[in-house]
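Only one chain is given next, in structure tokens, and it is the form predicted on its own.
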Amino acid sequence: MSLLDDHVVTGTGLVDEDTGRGRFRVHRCAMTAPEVLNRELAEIFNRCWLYVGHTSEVTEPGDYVRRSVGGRPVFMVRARKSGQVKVFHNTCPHRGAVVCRADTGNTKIFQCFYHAWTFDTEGRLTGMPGRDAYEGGADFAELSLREVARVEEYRGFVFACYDPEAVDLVTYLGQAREYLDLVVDAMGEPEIVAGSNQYSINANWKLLVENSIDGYHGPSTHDTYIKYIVSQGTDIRSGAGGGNAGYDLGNGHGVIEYGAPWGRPIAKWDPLFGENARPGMEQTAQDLARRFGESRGHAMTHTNRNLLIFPNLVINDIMAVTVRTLMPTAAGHVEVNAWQLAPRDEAEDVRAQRLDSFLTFLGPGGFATPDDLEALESCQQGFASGGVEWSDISRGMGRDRAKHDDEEQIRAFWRQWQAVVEGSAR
């Protein structure tokens, strides 16, 4: 790890920004050193707000979903008595076994299979075999399920934080809220479509963060997809002039937005949708423009966005709306989970096209994801070659306003990463 050996454990000195020279670079040991990952787990994933799920996944009392959040097993449930969405540590207070053992379902109680302790959906311990063996009586309050320290929701998106001293979620999201608002307002009442994509990449998680908000690689890496949609009648020039920018949204959040070169199921028609869908989509575009104004309506219907909410939530509002989380399990390995967000009352044929677009481009076997996996794994392999210590992320530093294929939004992530791993962000 060369001259930066002493800095790896603390994560200091791994990001080098020289505005005078227009240079921004990241030391490659940030992507390869296990010590850096350990620091990230402690300072980022244990202290930042992390996406858990969407309220549409737990609409009825007793509905629950099981998740891994920040590398920890948890579950989210709609409590039957209070109606609140709660997030619990998925471990029995008795001897530690996982309590919620199914990915999704509806229940009145959770029962630990090990010793059959039972808990209601509020998390309270309600029963145990042979309670008379506990002299003086078991302390049911002390032995109930433990809620995650902080749980808050913004417009249906549920986040958790393991740090009880963290700032509130609205403050944390900051300017990123505007882009969540665009997604929600365009859909009216969004829901997570049942099912998910789960896959892994032999690369550092931060490479996928970069890739997710990197507009520079699209024309070269995804050339096959572009040729495919052109062959199907898509006019990729239709997005020209419809926005083209990359933004630092504060707190490590970043976004790129650009005129949609392909169809958007919300209300930008494309030949792939078929002629029958055209009148309805055009009417939806007119309705959104009337409700929210021409500018905001156009942003909802004809502008693509790739949004990163620090540290590991990506929302791709493109030919479909993907909600994706990234979680490292090793310095060179990341687990990915992706869900599709769609309007609850969406027409059946439009929903079918949305899901097809989602899988065709963003699915594990689609056009884009295998390309990205190959690129990121190639980077991770290249790091092992040595000879080059720093990766360059300087594109567009000299511009007054970053374009979507510049790297200002990626630099925003790295600045916050450095501040958090050093502890100066708190």
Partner chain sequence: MSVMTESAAAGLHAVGRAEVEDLLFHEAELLDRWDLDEWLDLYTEDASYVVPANDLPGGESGRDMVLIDDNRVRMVARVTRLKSRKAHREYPHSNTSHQVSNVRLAPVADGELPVKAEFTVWRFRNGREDCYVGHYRMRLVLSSGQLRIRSKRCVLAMSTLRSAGDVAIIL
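Residue numbers count along the first chain shown, from 1. The structure displayed is predicted, hence computed values, not measured ones.
Keep in mind the form predicted together with the partner chain is missing from the figure; the text below concerns it.
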query: Contact residue in the model of the complex, from Thr126, Thr234, Asn337, Gln111 (heavy atom within 4.5 Å of the partner chain); finding: Asn337
query: One residue of Ser82, Ser220, Ser295, Gln283 in contact with the partner chain, assessed in the model of the complex (non-hydrogen atom, 4.5 angstroms); finding: Ser220
query: Partner-facing stretch of 137-145, 168-176, 261-269, 198-206, counted where any non-hydrogen atom is within 4.5 angstroms of the partner chain in the model of the complex; finding: 198-206
query: Exercise: Phe383 in contact with the partner chain in the model of the complex, heavy atom 4.5 Å; finding: no
query: Touches the partner chain in the model of the complex: Met397 (any heavy atom, 4.5 Å); finding: no
query: His302: touches the partner chain in the model of the complex, heavy atom cutoff 4.5 angstroms; finding: no
query: Close approach of Asn276 to the partner chain in the model of the complex, 4.5 Å, heavy atom; finding: no
query: Interface residues of 355-393 toward the partner chain, as seen in the model of the complex [heavy atoms, 4.5 Å]; finding: Leu355, Asp356, Phe358, Leu359, Thr360, Pro364, Gly365, Gly366, Phe367, Pro370, Asp371, Leu373, Glu374, Glu377, Gln381
